[in-house]
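Given next are two forms of a protein chain, the same chain in both, each as structure tokens and marked structure 1 or structure 2.
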Structure 1
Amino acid sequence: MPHKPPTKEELERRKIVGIRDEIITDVTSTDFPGHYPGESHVWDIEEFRQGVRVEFHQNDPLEASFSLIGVDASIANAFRRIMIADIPTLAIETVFINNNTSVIQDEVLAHRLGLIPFQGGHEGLHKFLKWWRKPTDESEVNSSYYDFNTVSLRLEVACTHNDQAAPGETDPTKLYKHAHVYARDIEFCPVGRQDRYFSGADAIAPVNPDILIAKLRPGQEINLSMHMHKGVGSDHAKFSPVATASYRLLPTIDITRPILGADAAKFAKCFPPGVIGLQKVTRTEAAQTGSGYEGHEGEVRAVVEDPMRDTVSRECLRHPEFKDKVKLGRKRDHFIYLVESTGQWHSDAIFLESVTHLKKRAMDLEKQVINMVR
């Protein structure tokens, strides 16, 4: 007997990870050759090109949310890992402390400075600045700093009494000058051609000027200089361009039998706001034989409005009145990303750069395989 090809509904069913009250089912992909008798499932680039797509839900400079549809989990996770660990950014790498009489130890202060995210002109950050390589000979380190691989900063703050403070004032920020040292106190010191790329609104500066670095009291001061270099998150977290880059599978909610009246209102409360809506049963629906709405015209019914808002808490499965009336799941090839940029890259550009990185790695691997078989 010839094998009957699967229907579109069957193919969609195979993409669903089942969410039950105590277990999760169908967690393994089955779209590979040999799993289903008589079905090929051989990977085809044209089929992949037609099925893959990206849909943005939010696109702000510091935060983006988008769906990547039609790819395997291995590809989706590759993009996530590249965004976290392989996209270069600029961060403070070396701190030269001339004087630090604050209560913060030198090592802790240097670490705090390294974690401050900076921003600047896009062309300068991503095209002009190159990698800095530490010379093998220590005596040549000081001659390895150039305008195209090193950015210089300095921080010089001393705390003094404020003669204009009101009598009896207890607020340190009013009683003293420079009682708090903020990221805005860091000064960019351009050298060479850096003025061409980092000036005006494009000058290198902290993304958030209100980051607190230290607290001082009269007689205490911080006097230091810093060098910034390009690096990647796999070397240190301070070089990661994202505060977070995560994804989740698209939730699916299938109401198999009508949920009406008070049960519908209770059902909606089992989900986050906006997931389940309440609609009145229309006359057409009530007159349709087998719809389950016969004789319920005008009553409210539960409908799925936005499953993307669902957190898959499975709360509805804990109530016996909803048993066998709803099926929960997640779509295996629909990944919802949330990317929060630290400010040096726009959030959407981080994903686009991760695509470029993955493409380059694939091309490098192809070259290695070709050279290996020659």
Structure 2
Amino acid sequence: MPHKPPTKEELERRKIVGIRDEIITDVTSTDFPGHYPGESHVWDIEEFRQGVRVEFHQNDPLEASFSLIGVDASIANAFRRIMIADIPTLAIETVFINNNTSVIQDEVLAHRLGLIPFQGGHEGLHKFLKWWRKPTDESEVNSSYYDFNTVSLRLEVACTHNDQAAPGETDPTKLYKHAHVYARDIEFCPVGRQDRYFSGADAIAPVNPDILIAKLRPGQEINLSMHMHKGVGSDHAKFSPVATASYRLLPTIDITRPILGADAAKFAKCFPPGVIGLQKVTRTEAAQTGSGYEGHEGEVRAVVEDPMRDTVSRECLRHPEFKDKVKLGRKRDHFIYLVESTGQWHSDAIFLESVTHLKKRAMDLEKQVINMVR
């Protein structure tokens, strides 16, 4: 029996994850060969190229939002996981404490220093700096630091009384000098060729200079030096280039039966502002038989304006007057990414790097498989 090719509506319907009040339906993707008889869902790179789209919504250095449309969840998730865990970043790894008489314990101070995000010249960070591996022989450790694998920083702060303070002053920042130790007090000490890549605006510096590291009182001081190395988020979260990288699926709202008048206003209130708009029923719409608008010309009706703003709270399903008139869902292949960089990489560069990383992993494994066969 010949199979009819699927209609456009059918193809669109297949892409939607159903959101009902108590259950989520059609979660898994079904575009595999053999699932639909008569249809070929064989992997074809050209077909994929036709179907993939990227649309940007925002592209700032620290925050980027874009839609990746036409890929499967497993691929989109792979990109997300790589962004969080496998993109190399520079962070403080070793802290050499010469003196710490503050109330913050040495190990706590070291931990806090490791979590401070740094920025620097991109060419130096991504191309010049290489990985540092701890030598297996303990005695060689101190000679394994070179200008291309280690960045050195220094923090020297001592708190003293401020003689110029007004009598009766209670604010510690005015009573004492250097009572608060901020990230901006960390000095970058370039070594060797680092001057070429990290000078001026490109210098290694904390992304946010106002991060409070410790508080001191007169007589206390902190004197330490630090080594920064490259690492990945899977090793320690301080190496993750993103505050977080996440995606959500595009929500769909399908108004199946007309919602008019006061109901429409109430319906619009069930969603964040901008999702539902109110429009007047036109004469042509009222003229269409079977549309449900007959006799309602001039009344206000609810219309879906911008589903991307919806947060899918399913509030409209809680009201009996709307429950049967609307179908909620999400598009299974439309991923709205939000990449929030901590400052070392640009947000769009992080996504590109993650795609490149997946490709490189697949390449390396392909070599390994060929090796295994041999």
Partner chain sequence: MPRATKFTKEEPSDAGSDVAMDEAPTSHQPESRDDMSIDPNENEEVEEDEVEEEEETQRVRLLPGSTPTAASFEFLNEGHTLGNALRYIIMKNPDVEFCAYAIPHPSEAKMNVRIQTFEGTTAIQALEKGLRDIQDLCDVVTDKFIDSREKFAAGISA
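Just so it is clear, the model here is predicted, and its values are computed rather than measured. Quick note, the numbers are simply positions in structure 1, starting from 1. By rigid core we mean the largest C-alpha set that fits within 1.5 Å across both forms.
Between the two isolated copies of the chain, the first is the form predicted alone. After superposition on the rigid core, displacement of the C-alpha of residue 366 between structures 1 and 2 amounts to 2 Å or more.
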